[in-house]
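Shown below, as structure tokens, is a lone chain in the form predicted alone; questions about how it binds or moves come after it.
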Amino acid sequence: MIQLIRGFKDILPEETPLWRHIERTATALFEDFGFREIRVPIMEKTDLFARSIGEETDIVEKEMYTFPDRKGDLITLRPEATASIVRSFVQHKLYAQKPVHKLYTIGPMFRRERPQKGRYRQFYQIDAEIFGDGSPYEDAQLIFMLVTLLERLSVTDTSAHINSLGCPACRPDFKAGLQAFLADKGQVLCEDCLRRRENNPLRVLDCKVPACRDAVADAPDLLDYLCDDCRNHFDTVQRALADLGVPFEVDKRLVRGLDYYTRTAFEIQTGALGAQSAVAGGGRYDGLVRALGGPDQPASGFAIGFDRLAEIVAMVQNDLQRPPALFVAALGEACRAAAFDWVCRLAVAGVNAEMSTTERSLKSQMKQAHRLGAPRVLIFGDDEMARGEAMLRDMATKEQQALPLEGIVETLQTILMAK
């Protein structure tokens, strides 16, 4: 028997109603906020991610699924969606159509990291991005939209963590100060952080190794290095969130894992999945559009870990399975042929009806109807056919009513769709 690849996951029929519920809730909310859907390929040229995410990041160095195609060009299964959306935004010159674009996408991403609870090598994300608006109010709106989505999904054990990562004008001073602080920490930092210390010291703040976290507990605070513009931007984000009633925590360790972030960074964290607390995160990346060949356009966005979110929502919502509205218990070949026609016509009319297409006893079919959770059973055998009727049985009350065969599909449709 061939098994799944390690780190990949089947989404079984019992799970897909929950996934559809999350998708529908998200898309309805996003579109109310003016977002439009975009769909981008799952494979891109490797250089796209190296230039956008950063060659010194763990994702590019260790985690990407990269391979040469038949011509020898390196291609990569996308590890995140923002770079692909920016590439599409630039390639198709969407910036020339109107000043502000709000886009979202839902789909699979790929990273070869260690599989654990809520984290897979093929995982799914819900992404939302705003192009052309550098206002701090857009940052606050993204956070508010995230919190609202989780509320609509009945996820309550959450907290918003925010920080400012500065800009090219003020971050170099912080980077120098942080490198000076880390200079004498070589004995306690992990191997990855020793490498990051020189090339990407902000990533040391994001390390999950306990010894590294202890080592940077007293590290310089990036907020102390902000220029006036970045300070005013961050202050406005905080005021806007307070006005919207969104509780938040300023978290100086929050730096995110990708090089393209500037100014506002945020995460939505939850205690529902233990140590893996982040269920969504994002921020501002004002230089990325220009870095990928487009005009100098501000941008911001977020990504939601769909797999983790589905696990959390499953803890609070377990009634999303939709049973059939009707089970038709047909006895005999002639009755089964008629029942088959009814079931197909009901499906076209929007009514889910099930039946057994093989010869089975009435008792066996009633058990099947019970297992499926059908609230009503239509019993149709030779006796009923001779009388020109079928018996509709309510599985809860055990009451039965005779329905004439003439126009029975329309009659059933009226009865079943009235609920």
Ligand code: ATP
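One-based numbering along the sequence shown. Remember, predicted model here, so these are calculated numbers, not experimental data.
Another form exists, predicted together with the named molecule; not displayed. Remarks below refer to it.
Contact annotation: Y120 falls within 4.5 Å of the named molecule in the model of the complex, judged by heavy atom distances. Proximity of Q125 to the named molecule in the model of the complex falls within the 4.5 Å heavy atom cutoff. In the model of the complex, E113 approaches the named molecule with a heavy atom inside 4.5 Å. A280 belongs to the set of residues with a heavy atom inside 4.5 Å of the named molecule in the model of the complex. Taken together, K62, R197 and L205 are entirely out of contact with the named molecule in the model of the complex: none brings a heavy atom within 4.5 Å.
Of the stretches 217-225, 328-336, 184-192, 303-311, only 303-311 has residues with a heavy atom within 4.5 Å of the named molecule in the model of the complex.
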